[in-house]
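Here's a solo chain for you in structure tokens, the form predicted alone.
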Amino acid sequence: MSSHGTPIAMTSSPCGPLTGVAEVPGDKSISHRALILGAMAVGETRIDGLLEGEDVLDTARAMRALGAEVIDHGGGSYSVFGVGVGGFAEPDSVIDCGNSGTGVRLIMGAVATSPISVTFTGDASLNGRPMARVTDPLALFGARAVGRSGGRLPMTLVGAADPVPVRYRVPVPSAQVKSAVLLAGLNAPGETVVIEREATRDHSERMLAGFGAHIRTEMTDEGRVITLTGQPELRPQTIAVPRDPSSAAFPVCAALIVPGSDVLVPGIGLNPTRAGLFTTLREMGADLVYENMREEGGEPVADLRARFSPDLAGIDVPPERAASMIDEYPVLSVVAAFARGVTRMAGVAELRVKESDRIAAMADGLRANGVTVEDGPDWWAVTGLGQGKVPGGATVASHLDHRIAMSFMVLGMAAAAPVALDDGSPIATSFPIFTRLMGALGARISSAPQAG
């Protein structure tokens, strides 16, 4: 059950062709960062197309609690009146980040170099996730974190009164950790340096530069080296949030496996650090075309047209692509179930510590629906049954994970028998219009609140 509502049982039944235009919500990663950097700028930042899912709305509430003014103008249009770098006020109460690992880790970074104490909590899923991967580098700035055993929330972060700049090598590819360190570096003197062996999504670097921070990126023998000069005065911006490629993944993947489908998904952000899924699908033989390619707000954007693809073939997904599609592996595994041959996914250890253990959650659910899956610590392999041959018919657990929930709803659209879900309420954290949007395309998803 989500922290924002009662459990909602859902069932996705086999359907006819999915057709039409899928207007997916704004990008979640960019929405979080726009709110946080707007709160750290001086003056009014205007944001259009903000994702109004629970994760992002929790971040907006957190910025208000830290002293920024956040005004909802309706229709995804917001104003943020920032307090400046180092200007956050100590909140009066605990900050609840709901289900959002991105939100809590980025906010921790933003407050770590201010002389305030902030206590964070979340829902049952978030409170079970490890925070040491962020609090360890933040300690190098001088911040202190006190939480439950295993570095779990609820946790109080005591910001550094006299922060120092750091040089930090990210041990495992993670845009959240990189971004937290960069946000902390904003209020530290001198230069903060982050080194990542493999490039992860670069929305933070792009947006920091847009707000006027002095930031540079270079490729060296060490990897990708990002250098940020601390204590700038950030300039307010007008930000148009592109539509979320991670949300687009669901109507796109559904169209590829439901016979006769033809779906257009307009205005999708195609940042190279986020577009790994679409590259992978095309390598599998997907009829997926980019139309009207353009640039909006410093991000590459295109309209995606996805058509039913009966001859998908399993492939080995390159491990180095993982960072650019880490959130899309669950729904990719659904597509793999309808392909011919084996799809192998390696270098994905981070999936074990997302909102759920996504490898275990998808493997268990796919097996229950008649699909063969093998898995290890940082890999898994799905043996496809081919188009129209996935039995379905099982009830699976969402594990309080929005992407697990939506992935199994996609499975039910093309399986031989309906697929049921114990709790679809977490979908509201990232894609609150999912059921309505997919229904308008022709999907058959039913839901009912559960007692208790």
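The structure presented is a predicted model; accordingly, all values stated were derived computationally and were not measured. Note that residue numbering follows the sequence shown and begins at 1.
From this point on, the text means the form predicted in complex with shikimate-3-phosphate (S3P), which you will not see here.
Within this chain, Gln237 is remote from the site of shikimate-3-phosphate (S3P) in the predicted complex, having no heavy atom within 4.5 Å. Proximity of Pro173 to shikimate-3-phosphate (S3P) in the predicted complex falls within the 4.5 Å heavy atom cutoff.
Mapping the unseen interface onto this chain, Ser125 falls outside it, with no heavy atom inside 4.5 Å of shikimate-3-phosphate (S3P) in the predicted complex. When shikimate-3-phosphate (S3P) is considered in the predicted complex, Glu299 lies well away from it, no heavy atom lying within 4.5 Å. This chain is displayed without shikimate-3-phosphate (S3P), yet in the predicted complex the stretch 99-107 from 250-258, 99-107, 135-143, 333-341 comes within 4.5 Å of it by heavy atoms. The single contact residue among Leu312, Ala275, Ala381, Ile326, judged by any heavy atom lying within 4.5 Å of shikimate-3-phosphate (S3P) in the predicted complex, is Ile326. With the partner omitted here, the residue from Lys354, Arg243, Arg224, Arg321 that has a non-hydrogen atom within 4.5 angstroms of shikimate-3-phosphate (S3P) in the predicted complex is Lys354. Within 4.5 angstroms of shikimate-3-phosphate (S3P) in the predicted complex, the stretch 7-29 places a non-hydrogen atom from each of Lys28, Ser29, taken in sequence order.
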